[in-house]
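Next come structure tokens for two forms of one protein chain, structure 1 first, structure 2 second.
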Structure 1
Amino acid sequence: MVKVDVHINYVHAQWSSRWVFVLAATGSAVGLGNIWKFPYMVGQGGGGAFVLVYLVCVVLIGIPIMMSEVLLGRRARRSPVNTMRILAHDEGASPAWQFVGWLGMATGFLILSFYSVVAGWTLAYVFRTAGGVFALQNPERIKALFGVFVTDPHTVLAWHTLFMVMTTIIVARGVQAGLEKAVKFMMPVLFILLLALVFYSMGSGGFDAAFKFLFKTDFSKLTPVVILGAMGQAFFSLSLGMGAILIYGSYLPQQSSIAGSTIMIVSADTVVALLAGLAVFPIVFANGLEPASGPSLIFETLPIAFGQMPGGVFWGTLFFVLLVFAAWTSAISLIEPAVAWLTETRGLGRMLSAVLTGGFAWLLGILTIMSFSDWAFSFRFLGVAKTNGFFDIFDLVTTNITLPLGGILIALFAGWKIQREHSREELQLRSHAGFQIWLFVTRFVSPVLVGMLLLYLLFGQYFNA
């Protein structure tokens, strides 16, 4: 094939091994949502029945689309935008397919802007918990403390700034000296912290209730809404459609198995989410708290428990340190696609690219910060009232539109536009039947299921009414 100027002559470093890629991609997938959202959804969706539906959705959505993202990334070995531009040219497809790269990169950047603010809250709560701020406080006081904190823009800005600086420093150091060293340290620490919390929770007095909450199979709770929730969790929990897996895949060594790596990432992500449930919900039940409190579980409900229990300062601090590591590993994957694009396309050094990207994300994050104070405004999204201005807008646009749309387009491009011999060569599947199954699911099943999810996210409340 003749190479033309559509190809960007920039060579990125690679992961030193497949295991590092698995750690990095797992770190991208494991974020703040895994710690509370997945366990909560399992408990409310029928326990083991929800897990079963989730695993089916992982097989039909998560694994095929993740394999597709890694395939595309490794074949072009460029940032998401340049990957789609190069592959569209090489496969004789329309140049408009590069829009998928722009969509993923913009989505990741937008998520990073508000994700960093929430991660800053988590970072602040490490020090608040360690300082005994919540010790022996009543629920009303703890809720009030959180309300005062998030509506203080100067304090939240300081923590947002600190977290973004932490993220930028790692990414600025490069693939092997920065990203790889970070995930090789942070992911084992995350697992150790999580297992320590599970071990502690086993003696909290609420472990049996939590285990039943998470794993007791109740198929009567599997309504269409719950099934769509499992479908959405299978998609969103794996960091699909935002360019993170695609750029990490571009650093994957050529001899590494894409299918094997994907299965390990999906398995690790699911195990972490379930362990998080076994760490959090025994504490919730032992203290008579509400397991269905959603996002406030982290910053309002759990501090009540940590403030009352023996050793609560230590274990509460450990819990928020765990959250910081989970947020940190996700944040570096969100910033990486834009940094890679700047180094490839604009010829900027890695340090400057990271500082510029982190700086713009930090600046955009100010809109989220002010959404809880002076710039708060209410609006309605498809008939649903929202009160936190730009924060809600960013969250709704990415979750309900750009992420699932990106997932659909990636599946369609990998399944229909990449020539079979090229995808078979890149996937390196030993079995012809295995390749045919991947191709069929990627072409027909995954886009349809994610399309159903997209329609539900946009218009589901009308059907529920």
Structure 2
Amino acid sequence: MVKVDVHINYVHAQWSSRWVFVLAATGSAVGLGNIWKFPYMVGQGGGGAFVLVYLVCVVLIGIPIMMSEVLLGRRARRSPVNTMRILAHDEGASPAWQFVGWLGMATGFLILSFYSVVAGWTLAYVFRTAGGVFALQNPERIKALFGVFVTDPHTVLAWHTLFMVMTTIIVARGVQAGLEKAVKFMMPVLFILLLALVFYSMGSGGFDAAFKFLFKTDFSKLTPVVILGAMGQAFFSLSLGMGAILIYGSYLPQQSSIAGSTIMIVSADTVVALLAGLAVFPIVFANGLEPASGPSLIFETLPIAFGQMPGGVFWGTLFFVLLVFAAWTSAISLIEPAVAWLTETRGLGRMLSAVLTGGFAWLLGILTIMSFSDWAFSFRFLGVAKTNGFFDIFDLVTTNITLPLGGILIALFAGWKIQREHSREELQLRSHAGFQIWLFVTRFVSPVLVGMLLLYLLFGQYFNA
């Protein structure tokens, strides 16, 4: 079977080694999703029940779908849209499969638009922490400071703009140039700092309560909304369902093991999320904060911890700097599929492609900024009150609908449309049983699980009556 499409003669670069791929994909996965979103989702989802479902989803849905994305990307070595188009052609499937790529690009813009706003909050907190704003302040005051900050659209816009410029520059220069080095250094340091923070939290007096909250499963809290949220969070945190991992896979050298790399990426992402929970919740409980307070959670808890810790100005600043880096290495993967598509099919240079995509996501971000101030509106989603307008809509639509939908289609395509000989050849699994397990889970388990939840989302209101 011919893998090369005659209409396209642009061929992308490759990572210099498999390790760089693992690092870049881990950089994409580990981000605000782990340290900002995971704790507040756990808080709103009632603790252990959410964590348990999350872990089940990571294993049964996350691992097979990540393998599928890498497999597809490496086989076609093109942007998600063209990867789906070329592979569908080669395998005799409908050209309509390229819809998955389009859905992914749209999803990437929506996510990046609010992701960059939150990353902008993080940038601002680097400077506020460094300036000693939080030193020895009481929890009430720290909470109030955040409230004043997010409701000031001009300030937030400036930080959002800065972050988007940073992201666009990296994407324009090419992911390989410069970024690899930064990730290599930053990811281990982030990990160590997180451990240090967990250590601090252990002494805060709230550790036992936090541990129970995270790991004691109260099955009465296991509502469909919590399950849906946990599944969406697994997609979000692992960067799955929109082609980010697919495009990174398309730069992966040919002989590298897909299964081994996937296990490493998934493990690192999961460990960082759990560590973030163990760092944040002790502070929540020791200071009488509200675990379900939502997106503001870490901007209230972490400054409290750093405000009281010896050397807190230094450690706090460093922590937010690293969080910015974690967000940065994730943000680039959100527009890389669109940039690769523009360079492939429109013949635009990386520079122009990056500016166009970054600019578009920047514009969309204004909706999120305004959702925390003048344009705030509230609505109900499956019976849960949401108060931050467009931010909540973009988050819910991507995390709960388009990422799982993209994921299910990727699994179905990789499992059913790609001939077995081809997927086996690409995955290069040493054991036959390993391949059979991947095929079974990808064909049946992940699509059925995700499909059931999506159906609930569509028709759930009729069960709740």
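Quick caveat, the model's predicted, so the values are computed rather than measured. Only the largest set of C-alpha atoms that superpose within 1.5 Å between the two forms is called the rigid core. Numbers given to residues start at 1 and step along the sequence of structure 1.
Pick one: which is the form predicted together with ligand TRP? Structure 2, not 1.
Using a superposition on the rigid core, decide whether the Cα position of Leu363 changes by 2 angstroms or more between structure 1 and structure 2. Shift of 2 Å or more: no.
Using a rigid core alignment, state whether the CA of Leu382 is displaced by 2 Å or more between structure 1 and structure 2. Yes, Leu382 moves 2 Å or more.
Fitting the rigid core first, would the Cα of Leu162 be found 2 Å or more away between structure 1 and structure 2? Not so; Leu162 is displaced by less than 2 Å.
Core superposed first, then measure: what is the displacement of the CA of Lys216 between structure 1 and structure 2, in Å? Its C-alpha moves by 7.8 Å once the cores are overlaid.
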